[in-house]
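Below sits a lone chain in structure tokens, taken as the form predicted alone.
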């Protein structure tokens, strides 16, 4: 009898949370493509952002007149609102690839396309004007951002910028104040199942930790407080050499589907115990342009059998216990890094929130669907947690807005390269990493 008491296990109950999906804005349902160009998404963006900036101008510089680009008068101070365009000397152009002189001038593919001669232009429906002065640094801005500028037209026809007004952080719903308890959300990205750098044991350790099959009683106690798992893109890597437009042999077909089958087996282990959101990334079998639509459920016959498994869009927005989460698989921030400069990825994330736009470089340098009457990437409500997947390293910071907004910024590293996942405590919005190593010292 005593022996039985010693072996008796203490039953741990997994905590629950209420989930609300807010992906509807990123879903392409009744949109029809009729050969439309991208001008309409820019018009929609300018119209909505200009209305917002006009409402902020009286609190900023009420004594100044608001003009259009065409209505500028020389040496007369005023405010203009429009979309920035960055003229870049090194920006890749498809025509360069077919240039006759391409043998003489090597085609460079730099990590960053900034050049000292880059300059900014402001554009509205009436026209465009080149911007001058030191207030607006071309290296900090990208094409597609809507701003209000205080300045005056110079004799040379440029607009000398004296001050800048950005939209700033959007309004935020209040954090729920009821007696919150420790509940955790796990973020992981860049699993790259099927790639040469992927370590199946490492991923299995993560799965075992989430499901409570790893560690002592204390570890299992923490695992029981995990209420949600988010996989932020690049879950599989399909061998690209096989996709050459030819009919595939049956052996190659199985090689193509192997990574997805392996991922499904591991995901079904998580979904059996914890609600799971999977987002598509640039390498996943989904549409390339943003917003990426959910990965088809038929890819995951094992996991999709569970009602805890959700295939989501990228970008992805949802609420857990009234805490709002917004995130991407990393394309928006990676593109900003190519065309502007910041001290780290978190600063790029900050800028997107202050510009109130998730992907300002879409559709200029980042592929996106040609919406006609809306821009789904405008951030209308400030999230409490803003995450970006597939980054080189882990990073986190707290961002505070002028109206008391509080945002937890989260840069999630590639799991296949770092073995690092991120745990966020919903009680305090504090984060810590989970590191899994499978290297044994000799």
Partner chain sequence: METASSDMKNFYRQRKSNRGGITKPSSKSTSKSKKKSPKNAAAIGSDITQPRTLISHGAPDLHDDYDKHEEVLRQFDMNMAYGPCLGMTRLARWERAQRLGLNPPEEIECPLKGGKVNSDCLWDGRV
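All figures in this text were calculated on a predicted structure; none of them were measured in a lab. Positions refer to the first chain, counted from 1.
The form predicted in complex with its partner chain is left out here; the points below concern that form.
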query: Stretch in contact, per heavy atom within 4.5 angstroms of its partner chain in the predicted complex, of 42-50, 403-411, 58-66, 380-388; finding: 42-50
query: Residue (of 139, 257, 308, 372) lying close to its partner chain in the predicted complex, criterion heavy atoms within 4.5 Å; finding: 372
query: 4.5 Å heavy atom contact, residue 73 to its partner chain in the predicted complex; finding: no
query: Residue 337, heavy atom within 4.5 angstroms of its partner chain in the predicted complex; finding: no
query: Partner contact for residue 30 in the predicted complex: its partner chain, 4.5 angstroms, heavy atom; finding: no
query: Non-hydrogen atom contact residue 341 with its partner chain in the predicted complex at 4.5 angstroms; finding: no
query: Heavy atom contacts to its partner chain in the predicted complex at 4.5 Å, residues of 295-316 in sequence order; finding: none
